[in-house]
Structure formats: structure tokens, C-alpha cells
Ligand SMILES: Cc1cc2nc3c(=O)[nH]c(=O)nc-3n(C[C@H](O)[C@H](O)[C@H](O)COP(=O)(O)OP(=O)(O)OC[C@H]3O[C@@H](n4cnc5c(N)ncnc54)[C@H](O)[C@@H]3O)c2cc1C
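Before any questions on binding or motion, here is one chain by itself as C-alpha cells, the form predicted on its own.
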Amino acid sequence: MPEYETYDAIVVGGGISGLLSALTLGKKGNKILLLEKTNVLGGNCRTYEPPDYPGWRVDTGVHAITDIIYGPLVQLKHYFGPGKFPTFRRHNDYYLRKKTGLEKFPSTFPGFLKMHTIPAKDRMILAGDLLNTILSRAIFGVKEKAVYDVISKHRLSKKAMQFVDALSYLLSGLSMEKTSVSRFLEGCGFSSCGKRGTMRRIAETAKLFNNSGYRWQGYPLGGIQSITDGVVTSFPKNVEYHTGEEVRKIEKEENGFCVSTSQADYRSCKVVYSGEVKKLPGIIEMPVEWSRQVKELEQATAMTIWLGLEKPMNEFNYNGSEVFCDVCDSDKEMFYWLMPVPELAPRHKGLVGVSTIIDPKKCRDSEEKLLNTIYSLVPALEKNTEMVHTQVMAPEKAAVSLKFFPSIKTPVNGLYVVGTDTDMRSMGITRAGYSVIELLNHYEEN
């Protein structure tokens, strides 16, 4: 019989959801092993120096962390060591970039009616849909449908349809045909995530007229790496982690699990899997129907281009981010999201990141199109750019759609899944955080 190292739980995957799982379970006294297949921890929650541009730093994608006041990261703050929780600057507003300049994205119903980006007739129609949908949800509860299903009954202009589609891509990574109304309203600040009683939902309708905007979003001052570093340096001694060790097989045993890698076998009472859920049936036997459902999870591919500026530009002298509107895209109506991140630039220089959803088979064409788009809207940018760094990645393990999302507890007793393909609330690091809170709520039940 081979010798096994035994743990209370093994966490598979060292992205932010896996790291937070290891931290929180470890702080509760469990002996934890975290296994990460790559040589670095953090996944899409990293900040690094591009190989060809020493002195510059970039994040893995453009990030605005949502729910920084009452959300999951704040709820998990007490698990961090003293002084390890990152400091956030407020992400004040979203803007719409047009050829004529910036227009602040409205956060209230009256503000939406005054928005100049789309024709007045379309604004009135969309405002009516917005009001009817929010009131209906407040009184009767959530009845999930696609954004397109709500607005397609009208004859809206192409510009209005492009605007709604762009916001859908921004908020879910998918088109308006696949984006749920819940995600759309939540992302625009008109609805809170999670379950609410009838009176709470009705009270929330006040947000239509008195919404504080996007000041509940923020950005960590040291880059998003500060979140990963804060977690890892807060690990107690009973949390062990290995990098460069890929899990190849998980076997259910009578009293727990055997987790096998190329280097060793490990035993644990429980397993927390934080990789892509649709890949889990490839390493452990799962029920056929569950496996079929998770394989249908949809994933978007994003391209982010980081532009290093020789000097800061007035065009990006704001604390927030922007979405491009006056964009002609013959392939698809996609979003373009730009965010200045001056903290990561060398002294006296500037840095902006711009992202869009792409067809992964057309990376070269997408890169050229993305650069041409931003240079056409901000002509002075091209001559002021001294660093260009391109990233292609999946921003979420599963895009928020109307399809099935698995729960934290799997059909296999003692096996849990966490991450952005297990919780539909918010996006990115915040959604990962919500999944970890759900894990903590269920972990002791078995």
C-alpha cells in the first residue's frame, strides 16, 4: 500500500476562488492542501511586468471590483492577516465615449431619459421597459428572460439595439439574446444581487430615482495582485500549497478522496474544486446528467490591450471607466471597455487598458480592429503610445446566461465546486468571492 499525505480538504486550483477557499477553511482550523497546475498563483487575479517592457506593470484584464462596501470581499476581510487586506480607491463613474467626447452613463431613471447617446424616441421606449420590468420584478418576483425578449417587441433603431447589446456584452460577456434581465439590471445598479423579499424588492425601486451610481465599485491600489498577495500571505501554517502540480485524477473512497497528481497521491476528507466545472467530469466520475449540464456552460473570450502612454492624457483624466458607443462593427455589435490605471504606470507616464469580446479564431484581426477603434475615437493616443501589450483570456469560467449553473455542493458527497461558474452574482473576483461564502455555508453540513 502506498503512503498518502492526509488532509481535511484539498483545494484544486490556485485562482482567486481556490485561494480564498484555502484561506477561509484554513482559518477555521482545517489542514488544507492547495494544488495549482501552473507555476504562479492567482489565475486572472494577477499583476505582472510584460516581458518586453520592463518597468511597466499590467493586470490580467481590466478590473473594476464590484460590491466593495458590503460585498463578499469585505465579508471575508476578517480572514486576512493584519494589514493584508488591500486598500481600494473608488471607481466613481462609467462614461460613454463618443466621437464628440464623454457622456456620463446614467444611474437613475431621470438620467436615462436625458441621455443623448440614443434617439429620444428609443429612450422613451427603453425607459418604459426599464420601469415596467423593475416594478414587475418587485411585485411578482424574478421571472428570468433574455434582455432581447424584453425589447424585441419594439421597432428600435440600430443605434439603440447596438447600445443595449454592447451593455449586455459588458455585463455578462454574452449578447442580449443570452443575457438575463436580472444580470442587466444588477450590473446597471438598478437591482441588488441575491434573493429579496417582496417588501425589500419594492423598496429597492427607489434606486430608479435615488441611485448613488457606481461608487460601490473600486480598484485595489497595488493592482489586483494585491488581492492575491493579501490572501497568500494570510495563510495560516496549516495551509500548504504546491505550484506546478496538476491534478490528474480524483477518486471517491469510503472515507474521503484520493487526489492524484504526476508527483504524488494525497488523501483528504473533502475536495474543493476551483477549476472549470465543465472539466471536472474528466478527472472524477460524476452523474451523467450533471456532467451533461455543466458541459453546456458558455464561456466568452476577451482580448485586452494595455497601452502605455509617454505622458498622462487629459482624455483619460477621470476616476472610472468608459464604454465606446460610436463604433461600427460589421461582424458583431460588441462592447469596448476602457479603464485608466495610472497606479501601474512608471512615474510621469500613463496606462489604459481596453477590452472586448472576440472570436478566438480571429485574434489577429481583433487586435488590429481594437487598436484602430480606440485610435479613431482618441486620435492623439496613437502618437503618445510607447507600450502595447495584448492579452487573450477567458474573463469568467462561465458567462452569466439563462442556462444551468451548478450549485456549490455537487452530487458527490464531500465534493464542492467554487468559482465564477458556480455563482451568477456580479462578475469576476466578486463572483468568485460569493461562491466561497456559499462554500462556507455548506461545508460543515456533510
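Just so we're clear, the structure is a prediction, and the values are computed from it rather than from any experiment. When you see a residue number, it is the position in the sequence shown, counting from 1.
Unshown form predicted in complex with the ligand; subsequent notes refer to it.
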Looking at heavy atoms inside 4.5 Å, which stretch does the ligand contact in the model of the complex, given the options 342 to 350, 363 to 371, 267 to 275, 104 to 112?
267 to 275
Contact of W337 with the ligand in the model of the complex (heavy atom, 4.5 Å)
yes
Heavy atoms within 4.5 Å of the ligand in the model of the complex: does L415 have any?
no
For V388, is any heavy atom within 4.5 Å of the ligand in the model of the complex, or not?
no
If we define contact as a non-hydrogen atom of the residue within 4.5 angstroms of the partner, is V12 a contact of the ligand in the model of the complex?
yes
None of I68, L35, A399, L381 but one has a heavy atom within 4.5 Å of the ligand in the model of the complex; the exception is L35
Contact check in the model of the complex: T24, N30 and N238 versus the ligand, with a cutoff of 4.5 Å between any heavy atoms. Do all three pass?
no
Contact set, 55 to 87 vs the ligand in the model of the complex - heavy atom within 4.5 angstroms
T60, G61, V62, H63, A64, I65
